[in-house]
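Just one chain follows, in the form predicted on its own, and it is written as structure tokens.
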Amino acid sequence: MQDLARFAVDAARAGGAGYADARVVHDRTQDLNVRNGQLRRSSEGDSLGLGVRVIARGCWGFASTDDLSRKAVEKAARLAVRIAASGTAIKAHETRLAEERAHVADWTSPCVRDPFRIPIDKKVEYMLNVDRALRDVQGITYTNVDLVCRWTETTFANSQGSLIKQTRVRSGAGMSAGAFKDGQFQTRSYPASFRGQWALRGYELVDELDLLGHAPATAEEAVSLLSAAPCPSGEMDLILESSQLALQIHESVGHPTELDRILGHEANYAGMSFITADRLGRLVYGSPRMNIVADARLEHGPSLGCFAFDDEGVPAQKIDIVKEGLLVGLLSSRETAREIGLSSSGGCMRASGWNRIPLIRMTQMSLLPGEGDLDALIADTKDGILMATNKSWSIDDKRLNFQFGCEAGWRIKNGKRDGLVRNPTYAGVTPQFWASLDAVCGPEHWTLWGIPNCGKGQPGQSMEVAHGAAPARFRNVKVGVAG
């Protein structure tokens, strides 16, 4: 594959490209789903192809092919050059890239148990047992269990001398139980909603999640929500558990700090941003307890946004995004970094496959932990709500006004939990909401959550990202109950 990637780059250069890079991507996926006691999905996918990206006459061009013969690869490379040349009539400025030295590397992600070596019948048997344990709880009317494995090998080459091979193995699993009664439906999920927890790990992740052991309590909580009081409405203190806070980070910090949205290069999917580039180092994003990094390195944790190099051949790195409440960094590419005067790219360019052009994407964007435990945080809260597990979300196309719904809430009165509440929601405006952050739990409560389905671009790309968070408290937040 290395020879093929270099051949594509050479063909593009021979065709007139000033810069060229190529990615050969081999992707294998296994997706299993059990619902209501039956195997509903058992699919395997295998995809192999090449994409070539060029700068010619000051414009970008991109083409791809799943025919890996040299004739077809050369044709794709020359097509990319022609596409770039066709943009000269409307280009606003010459496309230029921040400097990046050549890298030669071969990197494989950590994996203890290869998920593709576990027989499918063993996986399905386990999933059916989990499903049965959920349905054994009286009152449960709906069950769902997911298990996904993915292996990807990417070979990258560019005209500046980089040659990089990366192999990444990911696993994910989760379950949910639903209860219906008197026109009301309630759901609880474990370990998170939207297909559970994912990581850059092997089948050992599935073992550690222990879905079977957590099934009874998950189902019992779903049934209990049917008789829970509605969430109260008004302004009060809000504690978010870590998986819900991960989505809050994703929507109200991750997307608005993508530099292509800020510069207006990307607006097709979910809009742009309330941030402007000239506010870097000046915008007060939140309270002094707000410290957010984007860290794709393995040291931060082996989750979905972890890699050795992005799809421009830029090394994984740690970027401070918000430091003590101040916006100090943005998610960038080689092009956008050069455009606003940064010395180098933040290593945030990734594509969802060989037939998609790289875009600026979140990596592992995390709220750094504070100190103390959740029980102490609850004990320190006089009047509030603890909300857990995302159920719905809505945010405007500038990433300012938002509303989130959660699966479950617990009323807090005088430092103690005072029962479950159902259909809890909260709303806010991004900077004001983060300004109300006054406490973050310590490292023992911090979890790095893998999110496999971040959407962006047109045609659409679904990207794997991750967010680390510990439970945190926000003061005087507008809360309410879903209809």
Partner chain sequence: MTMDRRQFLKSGAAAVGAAWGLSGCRSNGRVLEGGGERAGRSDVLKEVCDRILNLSAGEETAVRVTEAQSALTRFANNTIHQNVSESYRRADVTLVQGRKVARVWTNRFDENSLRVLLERGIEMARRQQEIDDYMPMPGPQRSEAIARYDRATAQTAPEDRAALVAAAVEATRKLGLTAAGFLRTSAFTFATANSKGLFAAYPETRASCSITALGGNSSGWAQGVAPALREIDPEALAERAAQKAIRGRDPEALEPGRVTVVLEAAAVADLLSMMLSAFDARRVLEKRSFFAGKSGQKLFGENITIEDDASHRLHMGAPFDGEGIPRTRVKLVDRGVLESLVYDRPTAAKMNARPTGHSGGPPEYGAYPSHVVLRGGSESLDQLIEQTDRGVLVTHFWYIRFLDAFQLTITGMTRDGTFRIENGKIVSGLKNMRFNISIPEILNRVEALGPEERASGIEAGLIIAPPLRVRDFTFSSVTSY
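Positions refer to the first chain, counted from 1. This one's a predicted model, so the numbers in the text were calculated from it and none came from an experiment.
The same protein has a further form, the form predicted together with the partner chain, not shown here; the description that follows concerns it.
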Contact test in the model of the complex: Lys413 vs the partner chain, heavy atoms, 4.5 Å | no
4.5 Å heavy atom contact, Asp66 and the partner chain in the model of the complex = yes
With the cut-off set at 4.5 Å between non-hydrogen atoms, does Lys91 touch the partner chain in the model of the complex?
-> yes
Are any of the heavy atoms in Asp397 no more than 4.5 Å from a heavy atom of the partner chain in the model of the complex?
-> yes
The partner chain in the model of the complex reached by all of Val148, Leu368 and Gly372, non-hydrogen atom within 4.5 Å = no
Hey, of 325-333, 122-130, 292-300, 219-227, which bit sits against the partner chain in the model of the complex at 4.5 Å between non-hydrogen atoms?
-> 122-130
Assert contact residue (the partner chain, in the model of the complex, non-hydrogen atom within 4.5 Å, options Gln138, Ser86, Ser233, Ser343) equals Ser86
So which of Ile239, Ala337, Leu247, Ile321 gets a non-hydrogen atom within 4.5 Å of the partner chain in the model of the complex?
-> Leu247
Which residues, if any, of 348-362 lie within 4.5 Å of the partner chain in the model of the complex when only heavy atoms count?
-> Trp354, Asn355, Arg356, Ile357, Leu359
